[in-house]
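The chain below stands alone and is given as C-alpha cells, in the form predicted alone.
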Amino acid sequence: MSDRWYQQAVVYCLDIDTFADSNGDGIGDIPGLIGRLDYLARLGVTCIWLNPIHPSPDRDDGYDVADFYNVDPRFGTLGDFAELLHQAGNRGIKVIIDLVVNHTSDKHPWFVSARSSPDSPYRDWYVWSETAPPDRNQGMVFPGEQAETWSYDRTAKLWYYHRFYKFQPDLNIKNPEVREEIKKICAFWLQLGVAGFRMDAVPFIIEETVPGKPDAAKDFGYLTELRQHLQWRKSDAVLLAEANVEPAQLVTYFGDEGGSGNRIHMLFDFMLNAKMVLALAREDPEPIIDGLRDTPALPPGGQWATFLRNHDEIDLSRLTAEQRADVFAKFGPDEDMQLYGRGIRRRLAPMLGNDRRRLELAYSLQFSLRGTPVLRYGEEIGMGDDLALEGRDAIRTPMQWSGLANGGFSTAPADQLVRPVVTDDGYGYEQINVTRQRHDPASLLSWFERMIRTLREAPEVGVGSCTHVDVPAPRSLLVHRADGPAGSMLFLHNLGPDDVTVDLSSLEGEAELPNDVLADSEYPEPGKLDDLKVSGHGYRWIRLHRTV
C-alpha cells in the first residue's frame, strides 16, 4: 500500500470491551479480538479503529485516560497488543487507536500531582483560574449532564477547566512540555506498530483557553507540528480527526492557507452524515446534492471519512430546526431515542424499521460517496440497540456472534457482562448474529461482503472525484459518479418507495460496455443508458469504463 493507503481503506470501528471475550470474565479483550481477525478480513476490512484502549476509571467509556503508555489490564497487556498488531498485519489490516489528549482523567498521576501543590512540575499542564470565570456555564459539550466547564478544586484552591465532564480536566496546550508529551505518546504507539490515530475533540485540543474569554483562539500550528512529527517517525502514519465545525473552517484543519495538506490527513464528514440522514428521512436526495456541491476543495492527500453510525449519537446540530424535526419525527420520535436535544442514540437498523431494502440503500449510498467509509461494529449484521441503557451506551452493546448464551460474546454469567446483550424486539442475538447470517447467502452480512469487494474493485471512489449528475430525474433519485485514474463509475440511488426510470443517454459517449457491478436486483443491461430503471429503495452501481 502507498503512503496514502487511507484513501482506499475500509475502516471498522469497535470497542475492545464489547467485541469478543476470550477468558470468560464478561469483558471483551485483545485475545478475543485477535480470534476474530479472520472474520474482519473476510468482511473486507483493511483498517481497524479501536476506541480507547488505555487504563481508565471508565467513567466515560475510556475517554477519561489515566495512563497514555499502557493498555487497560481488563483488555490484556502491551504484549497482547503487540501480537494484535502483528496478526492484523499478517492479514493486511492496519490498526489505528483513539488519541484522547484534550484532557486526562482526574485520577491521572499528572493531575493528582498538579492539584497537590503549586510547586508541582505538572501544575501548568492544566488550565487554572484563581477566581470563578464568568463564562463557566457556557460551552458545555453535554448539556443536561454538565452544569459548567470550570470546577473548583478544594485541594488546589483553584478553578480548573474541563470542556467535557468535571472528572476530565483539560490539558494546557500552550505549555511546550504538554505539546512535547503528546508527540512522545504518538511516537510510543507508532513504534509499537499502530498505523495512526483517530484524534478525539481536535478543536478543543488546539483551543488556547483563557478564563473569561469563551471564544478562544485555536493554535493550528500545533497540528502542523504533530503531523510533521508523525511523518518523520512513520511516513504513512495517518491522523483521522473529529472536528465537527462550521464548513468554512474545515479546510484549515487539513492544511494552511497555501493549500498544502500539512495538518490532518482525514476528517470525519459530520455535515454529509447529517445530510445523508436527512435525505433518508425525507426520501429526497436534495440534501446530499447540496452537500456534494458545497464540499470544499481539499489539498493533496486530504480525505473525508464518511459514516452513518459511529460510537456516539447521530449529531444533527448543524441542521436547521425544521430539518432536525423531520429527522426526529422519522427516526427518533420518542424522547428516549434522542440525546442532548441534538442527536439520535439508535443504531441504523431500528431507525430504518429493520427494512432490508432501506438498509442496503443507505450503506450503498455511504460507500459510493467520496471519501473513506467507516463502519461501526455490528452494523454489518443489522444489530439493534438497548434504549434501557443510559446515553450513548444504547449502541455499545456486545457483538452478537451466535445463538449461544450472551450471543457468543462471553461465557460469563449474563449479570457479569460489561453491558447486557440485546435480547428482544426482533434484534435479539438469537435472531441477529454472525453465525446465522454466515449460513445464509442472502443475509445482510453476505451483502456487505459482496458490496465491499465491489468497492475494492472501484478505486476511483476513494481517490477520484465525486459529482452529482445533473439531468432530469425523478425527485427521489440521486445520480452521481466517481471519476479517477482507474476509470468511471455511475451510481443510482432511489430514496423513495416507488419504481423510477431515468434517461442518462447523455453519458453514452463515455461508456465502453456499461454494466451493473452491484444492484439491489437483476435489471436489464444498461445498454444505451436511455431507459435505466431503479426499484423503490433500490440502487445500481454501473461501470462506465475502465482505463487500467
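The model shown is predicted, which means the values in this text are computed figures rather than measured ones. Heads up: residue numbers just count along the shown sequence, starting at 1.
One more form of this protein, predicted in complex with a small molecule, exists but is not displayed; see below.
The small molecule is not shown here, and in the predicted bound form it never comes within 4.5 Å of any heavy atom of F491. The small molecule is not drawn, but in the predicted bound form it has a heavy atom within 4.5 Å of Q168. In the predicted bound form, D312 approaches the small molecule with a heavy atom inside 4.5 Å. In the predicted bound form, none of the heavy atoms of D483 sits within 4.5 Å of a heavy atom of the small molecule. None of D72, E360, E207, D200 but one reaches within 4.5 angstroms of the small molecule in the predicted bound form through a heavy atom, and that residue is D200.
Note on contacts: among D393, E379, D326, E242, the single residue with a heavy atom within 4.5 Å of the small molecule in the predicted bound form is E242. Looking at the small molecule in the predicted bound form, residues Y122, W125 and E181 place no heavy atom within 4.5 Å of it. Partner proximity in the predicted bound form, defined as non-hydrogen atoms within 4.5 angstroms of the small molecule, places exactly one of 453-461, 100-108, 146-154, 76-84 at the interface: 100-108.
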